[in-house]
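First, one chain by itself: the form predicted on its own, in structure tokens.
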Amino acid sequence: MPQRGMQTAPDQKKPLAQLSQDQREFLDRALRVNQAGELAATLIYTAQTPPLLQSHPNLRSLMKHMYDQEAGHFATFNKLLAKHRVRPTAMYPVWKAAASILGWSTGVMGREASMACTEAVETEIGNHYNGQVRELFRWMQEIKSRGEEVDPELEELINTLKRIRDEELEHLDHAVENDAKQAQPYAPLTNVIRYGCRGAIWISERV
């Protein structure tokens, strides 16, 4: 993420682009929401895995793989928040409790419900990351059209978001492969989770 108050290096042929106040605020909100979302994901898997593995021990490696990736995402956004001095959401305690309850309850409901939970969450998160990537890519194109130099940190952030988005969508694919759509009741369960994710994103951007 570009530093605040960036200066043009004397040996650069093109001026290094500076972000507007609105763009910096967008990035602050994006990083705050992303960090909160990855925290929730780690807690969902942490609570979900023990009851799920009691009846489906064959899922141990898959659950560990998905958890490890989410933990890596969480660590990435923790570093970015610290680097750019972005405050975490004030809703941290609420999201921690909600994620743990969601993970445990769907884990108890069984494999299909657990995977339906993953499908619903990753659908919303994938869409959310896609929106961020599109917005940042638009900035990059505008910067280039003005004949300015794109800050390497902006390009790095776009690549990071794309990588994390792809890993989240990989989790969605795993969920569908493991009968997420066979969960009962599928539509009410996934709709509640998806609307809950949207609400959490909206609140975390502002609080």
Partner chain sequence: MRHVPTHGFSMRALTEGAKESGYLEVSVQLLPRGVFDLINYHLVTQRLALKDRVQFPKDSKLGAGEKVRTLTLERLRANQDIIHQWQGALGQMSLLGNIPASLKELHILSDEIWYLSGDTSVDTSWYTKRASLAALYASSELFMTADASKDFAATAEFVDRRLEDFQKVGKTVGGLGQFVGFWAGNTIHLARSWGMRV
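Positions refer to the first chain, counted from 1. Because the structure is a prediction, the values reported are computed rather than measured.
The same protein also exists as the form predicted together with the partner chain; that form is not shown, yet it is the one meant from here on.
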Exactly one stretch in 172 to 180, 46 to 54, 139 to 147, 63 to 71 has heavy atoms within 4.5 Å of the partner chain in the predicted bound form; which is it?
46 to 54
Are all three of P188, T190 and I201 close to the partner chain in the predicted bound form, meaning a heavy atom of each within 4.5 Å?
no
Is the gap between G126 and the partner chain in the predicted bound form 4.5 Å or less for some heavy atom pair?
no
Contact of Q35 with the partner chain in the predicted bound form (heavy atom, 4.5 Å):
yes
Taking the partner chain as it sits in the predicted bound form, is A90 near enough to touch it, meaning that at least one heavy atom pair lies within 4.5 angstroms?
yes
Give a yes/no on whether R134 approaches the partner chain to within 4.5 Å in the predicted bound form, heavy atoms considered.
no
Interface residues of 94 to 122 toward the partner chain, as seen in the predicted bound form [heavy atoms, 4.5 Å]
W104, V108
